[in-house]
Ligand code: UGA
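In structure tokens, one chain follows: the form predicted on its own.
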Amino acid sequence: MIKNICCIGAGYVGGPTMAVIAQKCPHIKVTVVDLNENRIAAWNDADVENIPIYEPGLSTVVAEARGRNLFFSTDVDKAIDEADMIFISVNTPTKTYGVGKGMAADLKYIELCARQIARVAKNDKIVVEKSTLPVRTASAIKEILEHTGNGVQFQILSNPEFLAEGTAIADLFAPDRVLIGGDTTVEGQKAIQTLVDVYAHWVPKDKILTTNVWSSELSKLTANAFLAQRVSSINSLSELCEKTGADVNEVAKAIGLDSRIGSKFLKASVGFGGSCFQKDILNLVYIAKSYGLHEVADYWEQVIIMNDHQKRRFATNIIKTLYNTVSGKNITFLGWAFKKDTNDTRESAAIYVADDLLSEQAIIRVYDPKVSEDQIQYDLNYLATRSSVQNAQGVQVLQDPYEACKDAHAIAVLTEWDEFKTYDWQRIYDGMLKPAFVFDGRNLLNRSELEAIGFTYYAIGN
């Protein structure tokens, strides 16, 4: 029976997942470790509302388990040494160098974890891949661990996360499925059952699916690819709707009522973002190409191409509508996070729309209820295009939405925060320069209400 769990990586996956395991399994000591001292300090902040990740319900879970059987530490070696089971939940970004640049997953952090586990471990351990990884990464981890020469036996499991940011705690409490992949050997099956027993404390047995390790690794990439494909599919049709006079919302509703299709992920928007969709599809494309499956690679790459096109098209529409120039004009962004109920900005559409407008010398004002000014500046600097680096200092981040909208030529809604629907839009209109434009990149607001006030309103796909 598992008594000690260590998770390497205190980010968007490791932190919430381990918090829920600790809450649901009070008999298991769960230690989350990370080399980032500031991040660990934030997880240990006396005010639980200051933990580094915003996720509805997360602070309550952390408050219950922290100090009882949930701990956050920078002492990685100690946590590895004490653990019976080690989750690897570190970042696997797209490579920015060398072979596979721009597509393949960068596995350097995974390898560093494996080498550290191999160096420290003195007794048999189960190592769980929690990060999203390319197919057959487990074999590389296993090879590193098995060549330590210290006689320790390791079992490698794949346990991909299927969390949606903004609903991560609800997803952890009641998952559609928990997927666990491992070896088909007797030892591998025993390791699988050990992890099954952890989840079985709150997840029904029929929701826990076991496979071989390769199927588990590929299933994660495939799930994200299929979801992203639906977004790009409806977004491709949104452009056709705008040309023909159709309403993409009505089209989506009509096809979503077909039980074979369903209604989820059919909302037209400025495009998908987040840490998973683009990274995982690019990884899938790279894997397909590495096996010579060029038609397969081309098919999935088109999902990314469509998403990039949608972001550029949104920025271009703003420029064209504002009389083909935004130079010196104030454009207010409502929202910077890639979706509501999270402070995660990775691959957010707002970053790329801002970059396009900055290249046209627009003045960008940003209001987001959960994203800090430091993060917004970091995002633009990380993008490192000429326009974002030169003009990032011209981006203003404000803490009051009405102040952010004052004297604006246009407002762009980039995140579907619920609070945007409750604003006094008459007050916002009165404070803007006329004519006043709203570009709704999330189809969030009420068109008739805003047009009755006097706004010129543009939404995706109608």
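Numbers follow the displayed sequence, beginning with 1. All figures in this text were calculated on a predicted structure; none of them were measured in a lab.
Same protein, other form: the form predicted together with this ligand, not shown, and the subject of what follows.
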Inset, instruction - Name the single residue among Trp300, Phe277, Tyr286, Tyr199 that comes within 4.5 Å of this ligand in the predicted complex, judging by heavy atoms. - result: Phe277
Inset, instruction - Could you work out which of Ala79, Ala118, Leu322, Leu266 is the residue within 4.5 angstroms of this ligand in the predicted complex, going by heavy atoms? - result: Leu266
Inset, instruction - Determine which one of 239 to 247, 219 to 227, 322 to 330, 204 to 212 lies within 4.5 Å of this ligand in the predicted complex, judging by heavy atom distances; exactly one does. - result: 219 to 227
Legend entry - Asp368: touches this ligand in the predicted complex, heavy atom cutoff 4.5 angstroms: no
Inset, instruction - Considering only heavy atoms, tell me if Phe162 and this ligand come within 4.5 Å of each other in the predicted complex. - result: yes
Inset, instruction - Tell me, yes or no, whether Phe272 is in contact with this ligand in the predicted complex, where a contact means a heavy atom of each within 4.5 Å. - result: yes
Inset, instruction - Flag Lys95 as yes or no: does it have a non-hydrogen atom within 4.5 angstroms of any non-hydrogen atom of this ligand in the predicted complex? - result: no
Legend entry - Residues in 1 to 34 close to this ligand in the predicted complex, defined by a heavy atom within 4.5 Å, in order: none
